[in-house]
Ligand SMILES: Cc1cc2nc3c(=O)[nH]c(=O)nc-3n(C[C@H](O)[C@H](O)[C@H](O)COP(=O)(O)OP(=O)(O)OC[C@H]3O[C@@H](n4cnc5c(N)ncnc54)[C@H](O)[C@@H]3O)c2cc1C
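Form predicted on its own, single chain, as structure tokens, below.
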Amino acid sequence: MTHPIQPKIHIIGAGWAGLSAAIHASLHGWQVVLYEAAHHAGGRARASEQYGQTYDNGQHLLLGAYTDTLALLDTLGVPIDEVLERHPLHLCDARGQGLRLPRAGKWGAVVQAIVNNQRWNARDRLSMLSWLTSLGLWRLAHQVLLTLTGKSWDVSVSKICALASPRVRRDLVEPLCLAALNTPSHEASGAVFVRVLVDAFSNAPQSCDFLLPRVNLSRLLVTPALEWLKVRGASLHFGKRIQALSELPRLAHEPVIVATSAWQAAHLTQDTHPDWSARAQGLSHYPIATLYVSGKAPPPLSHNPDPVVMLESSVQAPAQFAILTPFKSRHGDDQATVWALVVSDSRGHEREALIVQVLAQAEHDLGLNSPQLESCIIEKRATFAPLVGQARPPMRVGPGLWACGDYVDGPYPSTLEGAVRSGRAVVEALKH
């Protein structure tokens, strides 16, 4: 008995978008051929060796609303409860004061959390409720305009959040904007921001839970994905840099998905599809710095730590978040915890000065005793900036040529979920 020959699909890039595309293509009957310039997979979201220890190549937050990421892990057979630790959304300082959502309940729980926020006065709480209402109305108006005219209406996050009090903007809007979009609120797209909030609070509070990895990002998804693809006969080529699309050993009818970074995709397509290349090249990219810092924390942080702590950031102390990690200190102190302090937009900060400032911030804001630097990782083009009214390149580049990645046109910003969704979406588009 002969078996039908599977059609081949060629995927350039083995980051989270490329791996997602490869897995979904395999599920739909394609014979996957995957090319990766590096000798490892995962792109900007993988484990990295630093000073003989393993850290993630930049800290990433996952949310309960990341349905595609969770579905992909389930497809790979990853035991989600073992590799991800679920925490209710707490946007609190090191003293435990701030917005605390409970583990159960619907919108009433959100309102109760607003009322119980000890950092806010009555005016702040009222402005928060008014702002949430205005977001719903803005979202409705945006959808009506899009339906009637086919055109999107976009303003900055700052303008959308004008009804929020200064304290709410500082404690909630700006941190959420930086966490979700990695872009300051006065530059960031309000349309993208509202979409993320709608998804996060669509099934509140579970959808806006923090999902913190118990393992590094390679063990979380990258390694299981590669093992899954190998079992299903995918052809994986590492250390294979594709300099031009003409280099691919393929038949004319075999489709290609470019799953590289935006600037690499722009280079690959500049001769054959200059308009698409120019749009990809025109995206703005902002750097993100992750400083892994270890130290012993005093109570209450040491007794019942929130996994994500909001920091009082400033020019002198620029980190916005401290995230508890599963990593061990390289300094040999078993009692020390390792925190990832994240500077979401690290433009204008020199590396050595940044280290000094963030170590001081870890001591002052977190109360860590004599904090020590574990590693400093700065991704200069970590994320594209979803600016107001920005036109992202589409999935379809040209006949037989497609693209996926967290920068490709879609509802999500530059996040792991955005990359995974893009990989699924491009395969679904190929079927039609």
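Numbers follow the displayed sequence, beginning with 1. On a predicted model such as this, the values are computed, not experimentally measured, just so you know.
Here the subject shifts to the form predicted in complex with the ligand, a form of this protein not shown in this document.
Visitor: Among 361-369, 390-398, 376-384, 24-32, which stretch has residues with heavy atoms no more than 4.5 Å from the ligand in the predicted bound form?
Guide: This holds for exactly one stretch, 376-384.
Visitor: Would you kindly say which of 351, 95, 241, 159 lies with a heavy atom within 4.5 Å of the ligand in the predicted bound form?
Guide: Looking at the other structure, the residue within range turns out to be 241.
Visitor: Any of the heavy atoms of residue 216 lying within 4.5 Å of the ligand in the predicted bound form?
Guide: No, residue 216 stays farther than 4.5 Å from the ligand in the predicted bound form.
Visitor: Residue 66 near the ligand in the predicted bound form, any heavy atom under 4.5 Å?
Guide: Yes.
Visitor: Should residue 322 be counted as a contact of the ligand in the predicted bound form, where contact means heavy atoms within 4.5 Å?
Guide: Output for residue 322 is no: heavy atoms all beyond 4.5 Å of the ligand.
Visitor: Residue 117 near the ligand in the predicted bound form, any heavy atom under 4.5 Å?
Guide: Heavy-atom contact with the ligand at 4.5 Å: absent for residue 117.
Visitor: Each of 17, 43 and 59 having a non-hydrogen atom within 4.5 Å of the ligand in the predicted bound form: is that the case here?
Guide: Every residue of the spot touches the ligand in the predicted bound form.
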